[in-house]
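Before any questions on how it binds or moves, here is one chain, the form predicted alone, in structure tokens.
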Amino acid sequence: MRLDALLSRLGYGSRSEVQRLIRRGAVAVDGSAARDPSQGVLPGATLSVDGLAVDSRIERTVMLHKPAGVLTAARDPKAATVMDLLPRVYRSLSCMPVGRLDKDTTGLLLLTTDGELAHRLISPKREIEKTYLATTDTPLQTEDVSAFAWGLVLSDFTAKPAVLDIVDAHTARITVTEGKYHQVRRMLAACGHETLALHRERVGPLYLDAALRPGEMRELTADELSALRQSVELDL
């Protein structure tokens, strides 16, 4: 990749701004000053700008502890989005949400630059499991467990069989393999329960890192990314 194109993708400015940066000698490649914006950069090359090391990776996958009140969207003119919670480099690299969580739903949200990985994770035919902790206004019943296991008929579709484990009278751990709009809330409503709080704990093989506070994010470890890719039959 051209040096100016790479630095622009990494958020160091527009192409023309990056070219000026390079021409004034602020950029080094493998320890040597680079003056030519069109210089090619090989994978693994060591870069620095104004003496500070540059993380030149353009493939990134992160987990975010989504807080309540934030939209899962690339941008919104009136409300905060999950993209506002990311450092600039991730936004510049178009590290986008994998699926969506409702505005008031909290918990694990994955974001990635890998379009194929994202597509496979949200593909209905993959039936990737997602686990939520739900708090309800009325006590949960054993009949709810059976209703979820059979699959619930909603107004516009029939939900696939799902697992509802009662944690206590007003708390359930729910595992689904679909991602329809407001699905878990609607399934609980069909059983006569209003959802007071909904928190996603797991997507496929990945659990939300307990060390992440609402609004915080981190990149996946190599083992986590490998497990996630294998769960959708990538890198097998």
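What you see is a predicted model, and the numbers here were worked out from it, not measured in a lab. One-based numbering along the sequence shown.
The form predicted together with a small molecule exists for this protein as well; it is not shown, and the discussion that follows is about that form.
- In the predicted bound form, none of the heavy atoms of T112 sits within 4.5 Å of a heavy atom of the small molecule.
- The small molecule in the predicted bound form comes within 4.5 Å of a heavy atom belonging to Y132.
- With a 4.5 Å cutoff on heavy atoms, L140 does not count as touching the small molecule in the predicted bound form; it lies far away.
- Interface residue remark: R35 is not counted as part of the site for the small molecule in the predicted bound form, having no heavy atom within 4.5 Å.
- Screening L164, L101, A159, L121 for any heavy atom within 4.5 Å of the small molecule in the predicted bound form leaves a single hit, L101.
- Interface residue among R185, H170, R202, R173 relative to the small molecule in the predicted bound form, by the heavy atom within 4.5 Å criterion: R185.
- Comment: 101-109 is the region of 101-109, 121-129, 83-91, 148-156 lying near the small molecule in the predicted bound form, near meaning a non-hydrogen atom within 4.5 Å.
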